[in-house]
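First comes one chain, alone, set out as structure tokens in the form predicted alone.
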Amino acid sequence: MALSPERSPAVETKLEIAQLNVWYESTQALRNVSLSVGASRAVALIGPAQSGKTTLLRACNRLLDENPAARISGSLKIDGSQMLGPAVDVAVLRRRAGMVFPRPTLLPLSVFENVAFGLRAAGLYAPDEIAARVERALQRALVWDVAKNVLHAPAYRLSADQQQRVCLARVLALDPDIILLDDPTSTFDPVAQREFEEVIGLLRCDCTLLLATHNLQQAARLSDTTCFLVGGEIIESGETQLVFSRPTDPRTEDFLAGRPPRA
């Protein structure tokens, strides 16, 4: 069975955001954000704390709908189809644009059932197909070699980085168009971080990625495009190599150099 609407592989722009604004009650968190992301491209979102990186990710799969204080305006399209508004099936959108959070968000279930959860929620019940999708997702997340021996054990028994890859596998099982990564290695040691980055590097071949990170080296390693946000605005956006080597805005230059913002 199909788990998501018919996709449009011929559409070169996978995600298109235009004049996106977000308020939490009277506080504006995003200001006229516009961003176009091609298929199989990786975009890094960098900037100081409270700059709007997480809010932008949450807007992309309508998680802000769950916050009664949040209000959103503007346009957000996937494959040319508008994703904002009451007519959109939010459950389907979240299967197409899955999110991984800073800390593992495991369900109190086995490794297998954590990954299978979204498949069952999408209406897939054939045991053989579920098993095949779970295995493939765990392989893509580079955690199958560990998980295959503990598939039916509680997922919380895995190490934190392995848990995070199980959460990523839960997203991958639904074959998403877009993966939203909210500082997913922020609590990892350097070895675990490098292993998770290897997964992200492989996913860049066939998924569109948005990565919010406080780690500038990670942004430089993993992205094609970098967006620098301050106060909910995109101050500078461009090819990652150029943004890091020749920023055009002095605020970007100061941030990359670790200097306080200029007055």
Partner chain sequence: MGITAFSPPSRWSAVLPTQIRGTALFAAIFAAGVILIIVAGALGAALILGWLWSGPPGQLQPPTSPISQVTMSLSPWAPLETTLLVIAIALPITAIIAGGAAVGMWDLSAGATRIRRALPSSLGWMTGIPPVVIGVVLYFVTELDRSPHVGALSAAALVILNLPNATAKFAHVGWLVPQEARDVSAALGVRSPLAFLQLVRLYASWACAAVLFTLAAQMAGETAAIVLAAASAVGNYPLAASVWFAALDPRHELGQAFACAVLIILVGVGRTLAHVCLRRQEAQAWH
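Residue numbers count along the first chain shown, from 1. All values derive from a computational prediction rather than experimental measurement.
The protein also exists as the form predicted together with its partner chain; that form is not presented, and the subsequent description refers to it.
This chain is displayed alone, yet in the predicted complex one of Ala160, Val92, Ala131, Ala153 has a heavy atom within 4.5 Å of its partner chain; that residue is Val92. At the 4.5 Å threshold, heavy atoms of Pro108 reach its partner chain in the predicted complex. Under a 4.5 angstroms non-hydrogen atom cutoff, its partner chain in the predicted complex lacks Val146 among its neighbouring residues.
Put simply, Leu222 is far from its partner chain in the predicted complex: not one heavy atom of it is within 4.5 Å. Proximity of Asn21 to its partner chain in the predicted complex falls within the 4.5 Å heavy atom cutoff. Proximity to its partner chain in the predicted complex holds for none of Phe188, Arg194 and Val230, with the criterion being a heavy atom within 4.5 Å. Of the candidate stretches 204-212, 57-65, 44-52, 233-241, only 57-65 contains residues with a heavy atom within 4.5 Å of its partner chain in the predicted complex. If you take 67-92 and check each residue for a heavy atom within 4.5 Å of its partner chain in the predicted complex, you get Asn67, Pro68, Arg71, Ile72, Ser73, Gly74, Ser75, Lys77, Gln82, Leu84, Gly85, Pro86, Asp89, Val90, Ala91, Val92, in sequence order.
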